[in-house]
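Shown here is one chain on its own, the form predicted on its own, set out as structure tokens.
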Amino acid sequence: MTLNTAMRFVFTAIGVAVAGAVVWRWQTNGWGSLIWLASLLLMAAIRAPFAKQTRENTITEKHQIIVERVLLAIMAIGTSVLPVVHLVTGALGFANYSLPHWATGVGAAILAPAYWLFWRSHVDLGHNWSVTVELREGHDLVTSGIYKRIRHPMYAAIWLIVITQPLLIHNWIAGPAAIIAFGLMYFIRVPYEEAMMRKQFGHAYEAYCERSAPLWSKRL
């Protein structure tokens, strides 16, 4: 067994154990915790084939490497670590609050269009997608599909996903953590991401910005 195979086995075992613990404690944490877990797994499932695809592309330029690592670490804490700690151990129970079932239902309902947009963004972006801000060999300026009217539909989808977390996880720490973490990611990352695109594509990107909205377009 290679080291990579062993690592994958360990992480898979940890993931299964965590998922099992969340399911086991759902009556304590509320049924929203099951929706949150399903959301986390769905995000991973959607991204997996695209992540595999982009690993095969040669990176030609990376930006803000240290900043990116910090932002991704904060995202992991806000969207995964704190919710898991709370749901599995109950250690953050002192900060719990209570919402009616309909509020949890609203959170679950929001996830349906959010994940359609999330999936569609990956499909339309294709080999140009990557987790970090970087350019790859043969990088294209995508202005069709969902990107025709929206410059950052994937970010729009993630905004919808993170605002559901406090509706699904009723805890003042684990709930809003995703919104705070992604807010930092979005407002710090987008300016230098767009600067990279302007540098790479020049007037074509400027023209695209003029006819598209950052997150939402009524003309969509």
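All residue numbers refer to positions in the sequence shown, first residue = 1. Just so we're clear, the structure is a prediction, and the values are computed from it rather than from any experiment.
We do not show the form predicted in complex with ligand SAH, though everything after this point is about it.
- Only one of Leu92, Val88, Val133, Leu111 comes within 4.5 Å of ligand SAH in the predicted complex through a heavy atom, and that residue is Val133.
- Proximity to ligand SAH in the predicted complex, defined as a heavy atom within 4.5 Å, holds among Met185, Met154, Leu160, Met43 only for Met154.
- Heavy atoms of Ala103 never reach within 4.5 Å of ligand SAH in the predicted complex, leaving it off the interface.
- In the predicted complex, none of the heavy atoms of Leu82 sits within 4.5 Å of a heavy atom of ligand SAH.
- Heavy atoms of Val142 reach within 4.5 Å of ligand SAH in the predicted complex, making it an interface residue.
- Ligand SAH in the predicted complex comes within 4.5 Å of a heavy atom belonging to Leu125.
- Along 170-194, one residue reaches a heavy atom to within 4.5 Å of ligand SAH in the predicted complex: Glu193.
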